[in-house]
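One chain is shown next in structure tokens, namely the form predicted on its own.
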Amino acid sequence: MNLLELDRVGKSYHRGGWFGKGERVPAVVEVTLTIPESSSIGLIGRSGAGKSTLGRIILGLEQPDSGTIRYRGKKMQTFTGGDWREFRREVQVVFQNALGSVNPRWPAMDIIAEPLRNFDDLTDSQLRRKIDFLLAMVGLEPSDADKYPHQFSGGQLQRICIARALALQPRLVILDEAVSSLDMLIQAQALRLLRRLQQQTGIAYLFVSHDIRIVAGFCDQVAVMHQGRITSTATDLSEAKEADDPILRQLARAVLPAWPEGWTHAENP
């Protein structure tokens, strides 16, 4: 079953024109994309390709100018307040800048608890047990709940953000350059963690990145985005350097070093 379907989605912005007509600049152009349940879909492209705009549209933070988006078979343009509440619970996001994604004055416990307090009616003891469970799920200790963001490494803080995103047992998580700022070893550890969680929960991922090396080691299918359009899709990136799509070839040749030995997207942790 398809979890999310985009059909010829378009979005443009107005540029200039305070004292004149200005112009419309396309950011997303007739994008068609499908995310099945329990899948890992990569969306790659250079900076400015339209990836982040498309991510905001999928999250409902921006409205498309054209096209149709369906979540679990229902058009998002017709969502009621109750539909949006269910969507907000089931679709979460992890951003690249972990430190900028959290309140620096909150301990990890409050960071992870925020969505639970918004959506669930838990007692204090139930909340603490849930937080301890989530910390263990991402490889951290219960004692980490009382630490503040500056007391974690970058990789640990990103795990906190992943725990927060998983707190409500979502169906889909959008990973917007979520591991790009981490070093190679920590990247591999984070991707193994996400793969293991997917195997355990059946969650789907949309992995937005400019780095084909990352999505090649993680995703089942990759869509290439260039100047607002999906220019090609691929399921086997082993021959990406010789692909028909020139953008895919250039990206592969620029950023496709090998993963640490033994790592593949299907590897069991």
Ligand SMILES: Nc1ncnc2c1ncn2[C@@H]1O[C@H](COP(=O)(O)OP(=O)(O)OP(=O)(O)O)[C@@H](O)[C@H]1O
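Counting begins at 1, following the sequence as shown. Source: prediction; values computed, not measured.
One more form of this protein exists, namely the form predicted together with the named molecule; it is left out here, but the text below deals with it.
Contact annotation for G48: at least one heavy atom lies within 4.5 Å of the named molecule in the predicted complex. Looking at S40, you'd find every heavy atom of it more than 4.5 angstroms from the named molecule in the predicted complex. Not displayed here, the named molecule is approached by R56 to within 4.5 Å at the level of heavy atoms in the predicted complex. Although the partner is absent here, S52 lies within 4.5 Å of the named molecule in the predicted complex, judged by heavy atoms. For the three residues Y13, A27 and H210, a heavy atom within 4.5 Å of the named molecule turns up in the predicted complex in every case.
Here the chain stands alone, but in the predicted complex its contact with the named molecule, taken as any heavy atom within 4.5 Å, falls in 40-48 among 63-71, 40-48, 196-204, 212-220.
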